[in-house]
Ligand SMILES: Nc1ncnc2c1ncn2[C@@H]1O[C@H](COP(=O)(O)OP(=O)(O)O)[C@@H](O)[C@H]1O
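First comes one chain, alone, set out as structure tokens in the form predicted alone.
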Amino acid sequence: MAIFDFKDDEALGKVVAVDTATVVVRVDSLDRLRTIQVNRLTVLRSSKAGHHLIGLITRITRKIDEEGKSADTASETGDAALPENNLVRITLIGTFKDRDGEALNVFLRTLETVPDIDSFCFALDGKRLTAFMQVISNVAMEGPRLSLGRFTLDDDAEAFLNGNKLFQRHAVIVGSTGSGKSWTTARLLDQMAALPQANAILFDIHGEYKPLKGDAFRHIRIAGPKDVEKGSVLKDGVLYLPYWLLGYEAIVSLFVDRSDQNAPNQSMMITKNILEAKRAALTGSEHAAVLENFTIDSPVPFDLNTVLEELTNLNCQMEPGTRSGEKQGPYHGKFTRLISRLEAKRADRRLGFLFQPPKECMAMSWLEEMIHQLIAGRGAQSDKKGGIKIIDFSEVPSDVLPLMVSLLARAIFTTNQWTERSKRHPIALMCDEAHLYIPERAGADSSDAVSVEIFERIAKEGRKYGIGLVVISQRPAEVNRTVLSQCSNVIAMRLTNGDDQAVIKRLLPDSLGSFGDLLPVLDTGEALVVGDASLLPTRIRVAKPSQEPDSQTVSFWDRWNDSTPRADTKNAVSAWRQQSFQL
């Protein structure tokens, strides 16, 4: 049974102008004009029988001619002036078919036709809106559907996203502090956890996703100073990122001061000595194939002490002079700052996960074990658990955070790149607080620049290798524009900053640009959802996740009103001094 059985006398008005995806409707009845609202849905009759066009009201104009004459009104499509008042601009967003083959009541995100001039336009409300939203909710999608919540237009209709397109074409989740961004992320993780072969990595920068429990989740913590002392390893849920995983750009940004006049010599010699150290580690017939083809970027364990010793020797080297005496070697004194930086980094307790890995992390076999635990789906894990890996970076120093997050991202991307296509298991990288390590402004040759380069490549090429990217941030204006431009799905919570709003509006289709005007007035837990994964661009009330993250939002007034004081300065100072929460 067709759900759109409108009669002519129910019409809001008639079409007076048509553009590619925009129409202008003249509303003759002032009473009916007052009943419609911006961002509500309308139905227009198509030139094809059994077809209706669904539109979104983007502007309502009422102009009064005081002399009783028709006022000239600029065409909403940018053409010649229209001599009518009471104009409604509508953006067409899809086609509704009474029948499509064997299927009844089908909605498609395509525009096969546009309405004719003088076609009737109807408001979509009441029972018809409920029926239409039920069609949207029950629409067939590719594979299991991802339920995000309920449509704001109709609380009885469930809002589904296309899970394939959400991750294939990347997504961005943004919202000001307290808008429900972490809640929305937890809801997505909820839906993913229900799938038997779910596979995702969440970079948890502040440790707020610790409360998420269950067989679908595996919590891994980047090793802190206490973990190094205890000798904690991967099976304990502790991850080291040993220095030999660093690529050339990361090594240079970490150890070489580009402002030093000797920086080119330092970069050249540290690279040469690391290559020699890796070559020395590849002795034995079992490593012959690697020895023939490895590069500075190849993840081969090597002894950092030998590199440091060789640099120290070059820095102090003397050679025979023209007479009986000696003269300084070509690199004498040129590596002093490099050696000092390297020794300082190695001695920093906070960087124990990088420079003080346990013995097992220095074996060639360790990388395979680590990569398997990170990128293998739930069914491929030895314990059949933990398809969703939540990696806690809360104890990683902020100055090396971009380098460490990008190091993991690079390892995952490179592994999938070198995996045979038929054996790749898709994985989603969820980048919480992305503005901290995928910044819009990154200094040349800095660790930020290294991180941005890696995530730009994942954003551009990840889909080919089964890697989806979800960028999560409260400050989209501070996130790299190239990465954001590759995200074809937008889940935007409330944004109050004008710069942030402008960034998200640029991501919206031109026809839905005014949709972004809702960003500052969205309720907590409410989102604008637009993109390839959403059948209907609209407002959605995100459903409560089964397990809520620790968003660390403190109720100031309630806490100040407690009868019992809360204070733990002793342990706080101890944790500060030891640079670890693991006291």
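Just so it is clear, the structure is predicted and the values come from calculations on it, not from any experiment. Start at 1 with the first residue shown and count on from there.
Keep in mind the form predicted together with the named molecule is missing from the figure; the text below concerns it.
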Of these, 243-251, 198-206, 179-187, 446-454, which stretch puts a heavy atom within 4.5 angstroms of the named molecule in the predicted complex?
179-187
Of Ala533, Val542, Val43, Leu519, which one comes within 4.5 Å of the named molecule in the predicted complex, counting heavy atoms only?
Val542
Sole residue of Gln547, Thr61, Ser29, Thr524 within 4.5 Å of the named molecule in the predicted complex, by heavy atom
Thr524
Any chance Ser551 has a heavy atom within 4.5 Å of the named molecule in the predicted complex?
yes
